[in-house]
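In the structure tokens that follow, the same protein chain appears in two forms, which are kept apart as structure 1 and structure 2.
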Structure 1
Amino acid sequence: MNKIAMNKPSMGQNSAQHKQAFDEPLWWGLFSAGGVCFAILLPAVILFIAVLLPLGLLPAEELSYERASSLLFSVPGFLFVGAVVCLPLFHAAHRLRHGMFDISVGNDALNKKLMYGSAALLSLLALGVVVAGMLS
């Protein structure tokens, strides 16, 4: 299932070379969707949640426990997490996998499973937290 260009010479030239990579369009699709979210949404999200909020520059009640819960544990909150956590995670996984290949770290077949596997697990955790919050 490796991309031809990413096969290491030691992997045998003829065996792996002509395998069709059925899953690659999925990873590239998630990568670009995540890239759009990273570029359009994340600057504002990081600015408000990770800079202004901890510095106390937001009006005090805007992200109080009650307000934050009602915003996050809702259907829009679920979509927000999908766009701001899950898709960027797959974008990051893809870039990390290819970056590791670029600097010859590890083995691509394993990196691929580790990276996309972690992205999938963390995405499930994030969406699970929202669902748990909606049910509680």
Structure 2
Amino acid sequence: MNKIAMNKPSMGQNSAQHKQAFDEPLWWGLFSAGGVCFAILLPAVILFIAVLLPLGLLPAEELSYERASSLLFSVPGFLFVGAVVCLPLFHAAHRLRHGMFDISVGNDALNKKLMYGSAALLSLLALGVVVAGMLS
């Protein structure tokens, strides 16, 4: 199987048509930031909310509905959602895009738009919910 590298110019007849991917460092940066947030912050959130709180090792009033709502619908909550939801979405989109390229599924330009576009839309939706809660 003859497969062209994702960002390398081809040495054949299509070399004049090759365009360099100037946006690739942006996607790799979001991939990296999402991986760090996914590896560091998400396990801590799961530990506190899904393990320690139900076991009674944390005071229940610390994460009551009123307190959690006031924390989530604030500027720190906006940053928290960005770090715990939005960046891992871009991490997953990057993994899916490169996985689809590796197994030769679809057109890379279309996959790129589909993966990163869906990550951007879901991120806007998540951050929009936080902003709507802040304004109400």
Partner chain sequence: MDKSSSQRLPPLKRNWWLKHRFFKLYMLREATVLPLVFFTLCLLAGMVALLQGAESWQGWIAFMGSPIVLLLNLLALAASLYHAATFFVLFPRVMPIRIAGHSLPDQVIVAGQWAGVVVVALLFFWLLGRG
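C-alpha atoms forming the largest set that superposes within 1.5 Å between two forms make up the rigid core. Since we're looking at a predicted model, the values are computed, not measured. Residue 1 is the first residue of structure 1, and the numbers go on in sequence order from there.
It is structure 1 that shows the chain in the form predicted together with its partner chain. The chain behaves as two rigid units between structure 1 and structure 2, and the smaller unit swings by 27° against the larger after C-alpha superposition. Relative to the superposed core, Tyr65 moves its CA by 3.7 Å between structure 1 and structure 2.
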